[in-house]
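Only one chain is shown below, in structure tokens, and it's the form predicted on its own.
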Amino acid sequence: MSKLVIVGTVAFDAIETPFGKTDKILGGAATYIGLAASQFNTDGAIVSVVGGDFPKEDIDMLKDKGMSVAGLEIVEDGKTFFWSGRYHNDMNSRDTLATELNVLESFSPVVPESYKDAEVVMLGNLHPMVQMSVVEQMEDPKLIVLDTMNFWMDVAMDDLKKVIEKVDVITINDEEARQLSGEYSLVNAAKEIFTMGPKYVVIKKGEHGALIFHKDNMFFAPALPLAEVFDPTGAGDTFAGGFTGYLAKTGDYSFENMKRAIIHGSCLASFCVEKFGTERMQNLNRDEVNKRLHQFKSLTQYDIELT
């Protein structure tokens, strides 16, 4: 099994959807990624920052899930990053109500010495230069995966392109792929993004699944149709955690294995949306995951005679 370094936010969220609303609850990209990756018993380390207001029981929960928190900086006199949002009825669009950077504003990540030799690095959504600083601390990773968003394309495109040059896999949604590439067709968008450096492009399409591209090859992973979606917050990060957690567990970075990895990512993301915040991921057990993986398999498996 390979070591996994996860950089991203550990945060507070306040969420409102058509199904209800929450006060401050546990959130953050690194939290969701770590919880998903923990399903594979990975040797993972979270690199992030929180304030003195962050509950010790949440740190203990991450440790209990097998995540190292040696890279989690605690600024005792600071406040933890906070985001608040309201989702529209379609659950695909949302309005940001509040963003308070707090300790994240001056965050300078430090990868623990014992994880600088990690084979897999998952760069969660943060300023591209923060992501780059983590890449520069690593010794010889086999696989670097980058997640980003349209905000950084708007305000830090040059910095973003510098870090994209350094990664093996980029994961973005369809709207972001079009913005980054200037191409409307996702096939052409992937081809254009390849020229920026990555060997693999993963394009997330929310409730419509995900695509992975490598050279002239592509593969589609469905999203499981769900009767109810309570909260889509963190679904993309959960996908990324399942994807990188599976790859770290298997140590196989071939295209064939990445196809399996995005199925695992899609499977775990389907659980994330069933409850508010991280609740579902904290209480998820392996039997539930295996049962749902069989559902994914039956969703797409069929026999057909070709002449």
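Quantities reported herein were computed from a predicted structural model and do not represent experimental measurements. Don't overthink the numbering: it's just position in the shown sequence, from 1.
Just so it is clear, the following notes concern the form predicted together with another copy of the chain, a form of the same protein that is not shown.
Student: Can you check whether L211 is within 4.5 Å of another copy of the chain in the model of the complex, heavy atom basis?
Tutor: Flag for L211 set to yes.
Student: Within 4.5 Å, heavy atoms only: does P222 come near another copy of the chain in the model of the complex?
Tutor: Heavy-atom contact with another copy of the chain at 4.5 Å: present for P222.
Student: Within 4.5 Å, heavy atoms only: does K297 come near another copy of the chain in the model of the complex?
Tutor: Flag for K297 set to yes.
Student: Although the partner isn't part of this model, could you tell me whether D168 comes within 4.5 Å of another copy of the chain in the model of the complex, counting any heavy atom of the residue?
Tutor: Flag for D168 set to no.
Student: Given that the partner is absent here, state which listed stretch (152 to 160, 212 to 220, 233 to 241, 75 to 83) has heavy atoms within 4.5 Å of another copy of the chain in the model of the complex.
Tutor: Contact-bearing stretch, as computed: 212 to 220.
Student: Any chance all of N188, E207 and Q301 sit within 4.5 Å of another copy of the chain in the model of the complex, going by non-hydrogen atoms?
Tutor: Yes, the whole trio is in contact, each within 4.5 Å by some heavy atom.
Student: Using the arrangement in the model of the complex, list in sequence order the residues of 243 to 269 with any heavy atom within 4.5 angstroms of another copy of the chain.
Tutor: Heavy-atom contacts within 4.5 Å come from K259, R260, I263, H264.
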